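One chain comes next, on its own, written as structure tokens: the form predicted alone.
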Amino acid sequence: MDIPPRHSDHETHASCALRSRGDDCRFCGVRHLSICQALNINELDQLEKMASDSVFEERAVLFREEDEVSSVFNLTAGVARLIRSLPDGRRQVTGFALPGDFLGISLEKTWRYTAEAVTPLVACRFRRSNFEAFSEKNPHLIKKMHEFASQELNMAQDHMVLLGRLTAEEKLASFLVEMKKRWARVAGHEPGLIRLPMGRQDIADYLGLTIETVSRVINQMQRDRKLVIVPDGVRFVDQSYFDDLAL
């Protein structure tokens, strides 16, 4: 039994309807999650004039590794995978961007990773030069961006430990617990369903495992009644089991 790599059409349409360019930024469904939470109403109105909605179909590329960073993105709906290319042609999935995540906090001139849409997604897109000029006039926004950058660094450090020191079972448990926490933040409450719109190959490439190992471990977890695989993701049956194993 496999984890379906896509969520339902109903959920796709609903999530992509969260944000459209005709809406006022102050009513954005993910404002409370994003760097925009640092801005007051007047500042949001200014930011609104700089933004344009970019809609990406499943598997579309937002930007590629080593491309010039000409735009930055604030995800408002959907999920993206972040990928680094290895010298031998293989790939490493370094993370997954969810609604409220900001792509482009780094001051580097080129992207260090490729971003691809796992699901249809919507992002507020800003020309980098305009966004930087706006940020310089609003130091509280820069402070919020620093907070986000610190969170990204902590996640990167956790990922290094996850790749190097944990068993396959611990890696998968840590991933599922982290995804549950992140979806709880998006939803504003503890989710019963842990949405996994990414496929098992994405999960394997993120955890440094083979797809066969991911399938074996998650199927064993279901046989042991630790979780149940459902359309669009999984549900925990034994929360304490995952809490004990997770990083």
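The numbering used is simple: start at 1 and walk along the sequence shown. Worth saying up front: this structure is predicted, and the values here are computed from it rather than measured.
The same protein has a further form, the form predicted together with a further copy of the same chain, not shown here; the description that follows concerns it.
K.L.:
Establish, in the model of the complex, whether E170, A204 and L247 all lie within 4.5 Å of a further copy of the same chain, using non-hydrogen atoms for the distance.
P.N.:
Answer is yes for this spot.
K.L.:
Closest heavy atom of Y113 to a further copy of the same chain in the model of the complex, within 4.5 Å or not?
P.N.:
Looking in the model of the complex, residue contacts with a further copy of the same chain include Y113, since a heavy atom lies within 4.5 Å.
K.L.:
I'd like to check something about V217: if you look in the model of the complex, is any of its heavy atoms closer than or equal to 4.5 Å to a heavy atom of a further copy of the same chain?
P.N.:
V217: no, not in contact with a further copy of the same chain in the model of the complex.
K.L.:
Does a further copy of the same chain get within 4.5 angstroms of any non-hydrogen atom of M145 in the model of the complex?
P.N.:
The answer is yes: M145 has a heavy atom within 4.5 Å of a further copy of the same chain.
K.L.:
Going by a heavy atom distance of 4.5 Å, is L44 a contact of a further copy of the same chain in the model of the complex?
P.N.:
No, L44 sits far enough from a further copy of the same chain in the model of the complex that none of its heavy atoms falls within 4.5 Å.
K.L.:
For the stretch 157-179, return the residues whose heavy atoms include at least one within 4.5 Å of a further copy of the same chain in the model of the complex, in the order they occur.
P.N.:
Residues within 4.5 Å: Q157, D158, H159, M160, V161, L163, G164, R165, L166, T167, E170.
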